[in-house]
Structures are given as C-alpha cells and as structure tokens.
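This document opens with one chain alone, in structure tokens, the form predicted on its own.
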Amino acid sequence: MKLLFSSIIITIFLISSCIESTQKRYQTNLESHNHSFSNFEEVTPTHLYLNLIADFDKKVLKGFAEWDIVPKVGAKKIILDIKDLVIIKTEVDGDIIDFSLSGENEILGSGLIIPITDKTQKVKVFYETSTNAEAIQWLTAEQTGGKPFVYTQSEAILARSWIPCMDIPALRFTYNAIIKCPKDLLPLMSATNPQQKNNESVYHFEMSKPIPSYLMALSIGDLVFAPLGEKCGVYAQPSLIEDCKIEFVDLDRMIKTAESIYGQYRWGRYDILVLPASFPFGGMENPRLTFATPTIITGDKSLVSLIAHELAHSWSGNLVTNRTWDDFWLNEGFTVYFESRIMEKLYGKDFVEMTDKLALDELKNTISEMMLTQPNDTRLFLDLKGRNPDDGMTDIAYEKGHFFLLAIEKQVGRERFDIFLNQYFNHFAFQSINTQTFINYLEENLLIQYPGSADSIGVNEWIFEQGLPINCPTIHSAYLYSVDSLIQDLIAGTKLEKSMFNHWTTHQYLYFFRNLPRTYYLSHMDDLDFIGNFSNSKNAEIACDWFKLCIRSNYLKASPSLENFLIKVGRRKFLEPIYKELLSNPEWNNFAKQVYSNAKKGYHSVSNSTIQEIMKAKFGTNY
C-alpha cells in the first residue's frame, strides 16, 4: 500500500513536471491586440440591437446600433472601432452625450470615444455608412444581371466600416436586427433568416449565440430559397437557383457527416447564400448562412470541398475562435483538417489525396516565395503589429496549420486525435482562445499520454519557426501519378489526344497545368486549347491555371477570354496570381493596366486592395 502511494506521488510529480516543462518551453508573449482601439478589458458589450435602412440610391446604410454593456468598476468611457462612418449622435442610457474621436489610422480607422460611468447599461450610436465603406459592396442591376445587390464582408477588421463595434475576435456578443430595404429585395444576415419576401419590406433577425464582430454579415438582393434538407438550403438569384440545387444536393449528408466526426452542429440551420461573382473570397463562414462564390458552381460537384470548409468553420472558427489575428491559424488550420475529413467520408480517400497533394505542393511554393521576402510570415503564430491582418490570410494559416494537425494525428492515431478534438470543441465552445491556450490544452489533454511526442511532432517548430518542418506528412495520390505518366508520354513525343482527358477531375487538370514543363507547353498551346477548350472553361479553377500558362507562353489568342474572366470574376484567389503573372511579363503589362482600369469598379475593396499593392510594387503608383 505504501509502495503504491509512493508510485502515485511520483507519477503525479512527473506529470506536473512535464506540464510545467512544456509551459516553460512554449510560454511567450502570445496575446497582443494590435488591431483595435477598443477598451474591451474595461467594458464588455454583450448584446447588439441593430436597426438599419438600406438606401440603394445613395449607397449607404443608415440607422443605429445600440449596445448592452457591462462596465468594470471605475470605467469612464467606452471606445468603439469605426472606419469611415458618419456619426450623427450618441446616447448613453437614453441621454444624448457628446462623443470624440481618436486619431485616424489608415488601417484601423478611428476610436469612437463615448463617456460612460460604471453604472451605464446601454450605449446607442446613430450613424450612416460612407459610399466607400470597405466592408460593403453595392452592385447595380447591370453588374448582377438582375436587380441591385449589396453584401458585406467583415473579416478581418472591416465590420467597423458598417457597424460601430469593438472589432476584435476576442469579444463575442449576441444580436437582434431590423433591416428595411426595397420591397422587391430580400435581406439575409448571419442569424435567423426569412425564406421569402414580405409586403412590409421590414425584416427581423436574431442571433442568440455569441459571435465575434467579423461574423456580422448582411446581404440584400433579388433572392429565392430552395430547401436541401430539413435544416439546410440555398439562397441564390433566380437565374442560378436550379444549378445551385444540383451542385449542393449533398449538403444535408455533409452536415450529418460532420456531426458524426466532431459532434452536434450547434447553430440551428445551415444555409448557403450564393453571391454575385464579385465576392472576393471562395466562401465566408457567417453563422447559419455561409456566403459562397458562384465560381464553385461547375455542374459536377468537383469544387464543393469549399462548402465542406465553410461548414467545418461551424466548429473551428465560429464555435472556437482565434482570440487575435496573430492566432489566425487556429481558425483555418483546424478547418482545412476538418474539411479534409468530411470530404474523405463523403467522396473517398482518393479524392482527399488529390486535394492534399495539390495543397502541399502549393504550400511548398508559397513558403519558397515568402522565405525570400517575409520569412517570419511562414510561422503559424504571426506578428501582425502595425499591419493589416489580411496579410496573414495565406496558405500558411490554412495548409501549414492543416499539415501540423495531420502530423499530430499520425503521431497519436486518428481515433485518439478525434476524441481529443471533440473534447477541445466542447471545452472551448463559444470562446475565443489564443495559441498558448491551445498548446497548453494539447499538452495536458493529449500529448502527456505519449511521452516525448511533443518533441517528435515538433510542436515548437511547427508553430514558432519559419518554413516547413522536416516531419511534414508526405502525400501520395494514384490519380495524380497517372497525370505524371501522361506528362512523361507527351514529353517523349506521344501525340496529344482528347481521349487522354476522359473522366478527369478538376484536380487532375490543375496538377497537369502546374507540372507541365515549359519546354512542352510553349510549343503546344494551340493544340491544348483546341482539344480542351480551356480558354472558355466554365470552371474558374481550371481557367485560372490555364490563363497563367497563356501569359507565360504569350498565347495571345486567349487574351479576350482572359479579359472577360478578370472583369467577371472578383475572387481574390484567382485575381492575385493572374495579375502577378501579367506584371511579371513585360509584354502583358499594358494589358494588365487596361483590364484593371475597366474591372476594378466591379471588385470588392478586399480584392482591389490586393491588386493595388501588386500594381504599386510594379509601377510605383496606384491605378
């Protein structure tokens, strides 16, 4: 009995020592809120009442935002983030109170300073957005092919350009909203949503789960709804709704698959809104209503992994949120890993091996490029002080984060890792955490059971060091190896035939374009285009990679199709590499400037900001 007691004491001591050692090993200054003027540590906003009118003629939102707040003892002011908002007046517990503004910052905007006491319960701000609000894109009927449209994109710190708020992911709140709009349009939010228009043109919304500001979302357009399951469906413009029903037919099954892996979906409904093509991202994980690009509508469901990604955010990101933008990998690395697991269950291991192989190749390319100019940004944990957090939205957070988690899975086994992740999502549900919190939880609830595993995995190297650790998992894909064989045959002189591409997936085409030697494609662009009609591809992923080959080889026959693509599509994932390619080839520089001058009015500010940086780096001035 005494021996057993001594053994227990020794075991407890060893576990405690291991935890303490780990904390010392990783402990650093992992909490910095560099992207907000707010004093959220003194005053906590808990609930938002939003009341807005959408004025399509003036292209502004106007109304008020009223916050329920909980001040700490001694609090004398509340500071909200704003950018390009016209503040009309402010009220504190019903009384009009003078406000002031902090100095303006190009990235952060200003701080709206409102005097309060530690007894204050409500702060109300009457305001109007500006026509150049970065979060908001107003589209004309001509641009949508139907009726006028407006949507917001709040991530990362753009919510402040349409709502006065503490625009920081560390803070979570619930909200109610009233939106008034023209009678022939339907508003939707990241909340409970109507499924059809009403006669009053006044709509009520509620989000009863606490969310951070970057998940605030609004869209108004000529939209119709189609159910895809008991608790899921899709909204789109009437001309696109039938194609959407076909593309997302597996949505209900996708949700059930996700729940079978990491537990209950906690947001009620899961619907998709397909936005106009100007939307700058593939998707945005707004709770209850994913915003999605129409570029994933291909007719063959080959790009629906994007929906799996946004659905996975319902756990990683929306449920457990990165506390600062330096911790962005906590949102995206977990989500890509979860997306891969969903897709494997739905479409098989071969599908995931293709996507993972392509992702790993692109990650290595990204790291190689970044090591030349911004090597510190190849770390998972970032230092974005003084910079736009948008700079951290690269393959590093998404794919390096994904392969880090895959490395943990391979070390401890999938079954044990799944148990850990279920516990993780439950333990931190509806909370915002930082990298240090994750490291501590990982060590104390998983790695402690496998002595030496933290070093074997290289937790420190993955999170805090540059580049890609040597223990990064390798990916093999039989489907892509078949493409390698075809490329070798073509190099050896085999004649190009249309039948060679029979039954190819999107991923095989992408791998083909990315691995085709320059010596081959330079002299075979006509043949490739004749056989594959790639210049007119309706698949934006394929078109993007094809157009990069066209630019490199000066295949001018594709320039009309390329121009049409750049004007029609506003997704930054495609625009950024194409414009970079155009500007790297002097023969295409003028083309780039001319096309951008025509296209930029149709781009969201997120995409415009990126392309302006590329133009300025090349020509020394904005265009």
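Please read all numbers here as calculations on a predicted model, not as lab measurements. Heads up: residue numbers just count along the shown sequence, starting at 1.
Separately, the form predicted together with a small molecule exists; it is not shown, and the next lines address it.
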Worksheet item: the small molecule isn't shown here, but in the predicted bound form, which of 327 to 335, 196 to 204, 469 to 477, 431 to 439 has heavy atoms within 4.5 Å of it?
Response: 327 to 335
Worksheet item: Taking the small molecule in the predicted bound form as the reference, which of Arg323, Lys124, His309, Arg341 has a non-hydrogen atom within 4.5 Å?
Response: His309
Worksheet, complete the sentence: From Ala177, Leu406, Ala191, Met284: within 4.5 Å of the small molecule in the predicted bound form by heavy atoms is Met284
Worksheet item: With the partner left out of view, is Thr152 within 4.5 angstroms of the small molecule in the predicted bound form by any non-hydrogen atom?
Response: no
Worksheet item: Is there a non-hydrogen atom of His402 within 4.5 angstroms of a non-hydrogen atom of the small molecule in the predicted bound form?
Response: no
Discussion item. If we define contact as a non-hydrogen atom of the residue within 4.5 angstroms of the partner, is Met393 a contact of the small molecule in the predicted bound form?
Written reply: yes
Worksheet item: Even though the small molecule is not shown here, does Tyr509 get within 4.5 Å of it in the predicted bound form, heavy atoms only?
Response: no
